[in-house]
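There is one chain below, alone, in structure tokens, taken in the form predicted alone.
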């Protein structure tokens, strides 16, 4: 049995399918590739495939990651060569690596993600980079940013997500749309969606008339914690 970690990019229109549907897409493609999938044990066996960090619906991504087990040794280049032709054009298989079977799962190591929020055409006249910087400063100056979430017992709990916002920077280059670079906590230890942050920004007076849907979101990178330093997954593979 061997274990492979792989990276892929997701473009439009695949940004609009759910995490569960993305898993189904990969499973169908893997079955067509006739790769020797390993299955879980138990009453309801299923292929041992995981995608490391769910992507919010409507968001594209430069790098997403998955892990998969096979019953036979499969070289990374053979995995790519057999799976790539079975995937839709909007899903680009980038790379693959052998991982030790006993190594911690990638999903358990993820700490943060970098998102780019790009202001869509037609809204440039309503906002200036300076006003958005001021709005972000006011937001980040708050000690608490509360979100209501459902617990496993279907009760509502309040969580302060201000510590989950690691960095939020406005970028504006001549001739290009305004962009926000958002480094947010993510993974099993807690995190927030970039959509939630944009909704909070929407409530600032200077951003009146600009909703979270007026920004095109793209996940640029995923980070793991390497001895207290955030490191892109791609650098640690």
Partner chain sequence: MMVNWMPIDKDIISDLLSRVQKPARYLGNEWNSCLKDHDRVAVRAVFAFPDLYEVGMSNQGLKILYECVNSRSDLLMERVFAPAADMEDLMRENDLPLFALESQEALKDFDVIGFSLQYELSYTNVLNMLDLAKIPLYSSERSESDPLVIGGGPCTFNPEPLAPFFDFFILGEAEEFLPDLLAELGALKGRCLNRNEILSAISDLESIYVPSLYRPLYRDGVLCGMEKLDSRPSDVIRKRTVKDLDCAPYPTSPIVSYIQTVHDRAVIELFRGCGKGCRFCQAGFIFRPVRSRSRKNILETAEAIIAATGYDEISLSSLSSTDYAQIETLISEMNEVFEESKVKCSLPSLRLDSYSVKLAEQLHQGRRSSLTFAPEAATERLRKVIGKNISEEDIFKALSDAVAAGWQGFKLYFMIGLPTEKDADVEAILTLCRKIRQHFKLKTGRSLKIVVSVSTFIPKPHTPFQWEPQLELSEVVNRQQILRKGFRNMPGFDYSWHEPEASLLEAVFARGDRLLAPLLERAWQLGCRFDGWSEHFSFERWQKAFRDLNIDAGSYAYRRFNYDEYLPWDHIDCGVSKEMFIREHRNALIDESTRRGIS
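Positions refer to the first chain, counted from 1. Model, not experiment: these values are computed from the prediction.
Here the subject shifts to the form predicted in complex with its partner chain, a form of this protein not shown in this document.
J.: Looking at 120, 142, 133, 75, which is the one with a non-hydrogen atom within 4.5 Å of its partner chain in the predicted bound form?
T.: Looking at the other structure, the residue within range turns out to be 120.
J.: If you check in the predicted bound form, is residue 32 within 4.5 Å of its partner chain, heavy atoms only?
T.: Result yes; residue 32 sits at the interface with its partner chain in the predicted bound form.
J.: Please check if residue 17 has a heavy atom lying within 4.5 Å of any heavy atom of its partner chain in the predicted bound form.
T.: Yes.
J.: Taking its partner chain as it sits in the predicted bound form, is residue 9 in contact with it (heavy atom to heavy atom, 4.5 Å or less)?
T.: Flag for residue 9 set to no.
J.: Evaluate residue 13 for contact with its partner chain in the predicted bound form, applying a 4.5 angstroms cut-off between non-hydrogen atoms, and reply yes or no.
T.: Residue 13 belongs to the contact set for its partner chain.
J.: So which of 177-185, 35-43, 62-70, 191-199 is the stretch with heavy atoms within 4.5 Å of its partner chain in the predicted bound form?
T.: The contacting stretch here is 35-43.
J.: For the stretch 187-226, I need every residue with any heavy atom inside 4.5 Å of its partner chain in the predicted bound form, listed N to C.
T.: Residues within 4.5 Å: 213, 214.
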